[in-house]
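Okay, so here's just one chain, in structure tokens, the form predicted alone.
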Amino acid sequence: MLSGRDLDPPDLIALLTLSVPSSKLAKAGAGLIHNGHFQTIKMLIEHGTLEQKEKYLKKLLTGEYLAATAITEPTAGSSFSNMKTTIKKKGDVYVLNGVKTLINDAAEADIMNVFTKRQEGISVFLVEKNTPELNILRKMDPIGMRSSPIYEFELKDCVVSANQLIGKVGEGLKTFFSAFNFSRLGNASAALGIARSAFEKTVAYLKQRTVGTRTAAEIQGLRWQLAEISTQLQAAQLLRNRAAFMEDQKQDINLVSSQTKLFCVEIAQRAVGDCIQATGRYGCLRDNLFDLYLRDVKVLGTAGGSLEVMKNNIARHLFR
């Protein structure tokens, strides 16, 4: 049984954000962040019942359980209006039907939060591993974040109890935004970690690479290029830190989380490309990890809401 102290949201959020920083994990592979895991924890902290917290939170926080988020469908991504996964209430249970695709860790996860739709709106249900009506259709082959495999699966007359509903029927968008605004800061942190690692490798290489009678670090064009990257990374980190502070203060971060993800990922994509160019053939060798950074940061620009979705969200705030 968890104590009241164990269930206090600020303590749990602090544990999430301080235990294993996303920026450090991303240096070894952005897929290691497992965003769906942290999204599920955030949903349970803010919208879960006491029973759900007692059943899942401690196992999720200790790593005994892995969690995943299932939203995307073959014909629906960021547009919830096109979602086709349905729920029907039958007595004390709900019956889920639909296909989800591009879902990270769907086969490995012990628990998945699955987004569904009916007339009242979006609802979120927890579906446990080995549920008979959950069928993995195929494992997919992404270019990046490969340490978090992606799958397509089907729910066919999948029966879940009412106790597995997160929040209330039709109020799933509240659950979505509370988790995804938070996890966008994880995306941004991962992008910063990737860019920082590429930057540090590049600086170290240019210091020891000789070109004629001088090192590459003495070439003005390269020095300016690295100076720009350094400045951009500092600005991106400050924006991420501001958004994280606002989250800690329980402020609305819908706008700033979108700005943070957009800016950090764009800076990281630019920085990795510039670092590869600055290091020449060295940066093109796979054992130097630049290709991992390149592929992972490209996927980060689409995962959890594309950069275009971030721009749309920012524009809505500007012109609403």
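A residue's number is simply how far along the shown sequence it sits, counting from 1. Keep in mind that what you see is a predicted model, and the values were worked out from it rather than measured.
Form predicted in complex with a small molecule: not shown, discussed below.
- Residue-level contacts in the model of the complex: of T231, N241, S78, S161, one residue has a heavy atom within 4.5 Å of the small molecule, and it is S78.
- Shown without its partner, this chain lists I150, A109, A179, A236 as candidates; in the model of the complex, only I150 has a non-hydrogen atom within 4.5 angstroms of the small molecule.
- Stretch 142-150 is the contacting one of 164-172, 243-251, 218-226, 142-150, since its residues have non-hydrogen atoms within 4.5 Å of the small molecule in the model of the complex.
- Using a 4.5 angstroms limit between non-hydrogen atoms, L185 is distant from the small molecule in the model of the complex.
- In the model of the complex, the small molecule sits within 4.5 Å of a heavy atom of T302.
- The small molecule in the model of the complex is approached by T72, whose closest heavy atom lies within 4.5 angstroms of it.
- Although the partner is absent here, S23 lies well away from the small molecule in the model of the complex, with no heavy atom inside 4.5 Å.
- Contact with the small molecule in the model of the complex holds for all three of L102, E308 and N312, each having a heavy atom within 4.5 Å.
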